[in-house]
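Heads up, the chain below is alone and in the form predicted on its own; it's given as structure tokens.
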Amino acid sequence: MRKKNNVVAYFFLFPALIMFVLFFIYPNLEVIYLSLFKWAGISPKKTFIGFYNFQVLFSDLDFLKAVFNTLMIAFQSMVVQVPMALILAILLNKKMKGNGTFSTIVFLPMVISLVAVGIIWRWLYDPEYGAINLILGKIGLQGLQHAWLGDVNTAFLSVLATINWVYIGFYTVIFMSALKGISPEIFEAAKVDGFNEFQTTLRIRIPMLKETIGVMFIMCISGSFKSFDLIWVMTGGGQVNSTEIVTTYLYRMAFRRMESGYASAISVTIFLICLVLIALQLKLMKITAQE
């Protein structure tokens, strides 16, 4: 009977397994294979060059700049978005009037398409007609008016501000759900012991949210290496590569310069970098859990 049940289970899993192999395993193996060739993408001719694409890649200053920018996005996501989300979640988790409305407002950016978000913020940053410069002019701060996305010194920071606006709300909702899972009796005991709000957060909330925070850090890393649409719509990775990230650079190589073999090498490298960073994060989470 047990063997019969296993056969039935495998029978129902088989279609999903076929789909997984066709649309995940096979494409990834194909990308690894293509990374060993010089190929324009549309021509049937492929020239085997071994690991030459990878040799060129690690001496490509534009790619290294894109990796640096991507890592900076991941780092600032961990040190800005996650703490801000935790603070907002703590405030919104309290029983106060209007919390439901504020929670909706905070999460609203995640509901909007990232392409639409990019267009909206590109308009806000417009040096002539953008709302930011218009507001600065109205309040007498004309000296701060700026071509936010057109200047190498401010383009990347402007993009980071938009990314934070989008994702802080998402992490806030996750934190709110995690906080609801902590027993209220623990907080009542902390009050009896004389803990203030800061001590409660430092000694109770954060230790009990370690796993959630660890998962968020992994999401920050993987999300940064997968992000594309928002930055492409806002800047296209331009301004002397100041906003170029690995996915926009990959797209440029594959579909603008028609270097599909080289773009495949970039994809493989991105996968390996993410794998190493997430493995380190999981190791750190394991060490922290043991402590």
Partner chain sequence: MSICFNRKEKRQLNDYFLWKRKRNTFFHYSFLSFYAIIVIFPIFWVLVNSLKDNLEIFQNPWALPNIYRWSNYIKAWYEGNIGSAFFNSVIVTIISVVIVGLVASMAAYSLSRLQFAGKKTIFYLFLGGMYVAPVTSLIPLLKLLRNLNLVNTHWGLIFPYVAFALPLSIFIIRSYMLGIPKTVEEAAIVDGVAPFQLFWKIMFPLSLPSVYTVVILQIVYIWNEFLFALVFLRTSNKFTLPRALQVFQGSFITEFGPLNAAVLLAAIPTIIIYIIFSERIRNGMAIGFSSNE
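Since this is a predicted model, take the numbers as computed values, not measurements. Numbering follows the first chain given and starts at 1.
This next part talks about the form predicted in complex with the partner chain, which is not shown.
Using a 4.5 Å cut-off to the partner chain in the predicted complex, not one of V79, I139 and F217 places a heavy atom inside that distance. Contact with the partner chain, judged by heavy atoms within 4.5 Å in the predicted complex, is confined among 200-208, 110-118, 150-158, 67-75 to 110-118. Contact check for F54: no non-hydrogen atom falls within 4.5 Å of the partner chain in the predicted complex. Looking at I168, you'd find a heavy atom of it within 4.5 angstroms of the partner chain in the predicted complex.
Though the partner is left out of this view, A263 does reach within 4.5 Å of the partner chain in the predicted complex, counting heavy atoms only. Contact annotation for V106: at least one heavy atom lies within 4.5 Å of the partner chain in the predicted complex. Applying a 4.5 Å heavy atom cutoff to the partner chain in the predicted complex picks out A263, S264, S267, I270, F271, C274, I278, Q281, L282 from 262-284, in order along the sequence. Between this form and the other one, the CA-CA gap for V80 and I278 widens by 3 Å or more, being larger in the predicted complex.
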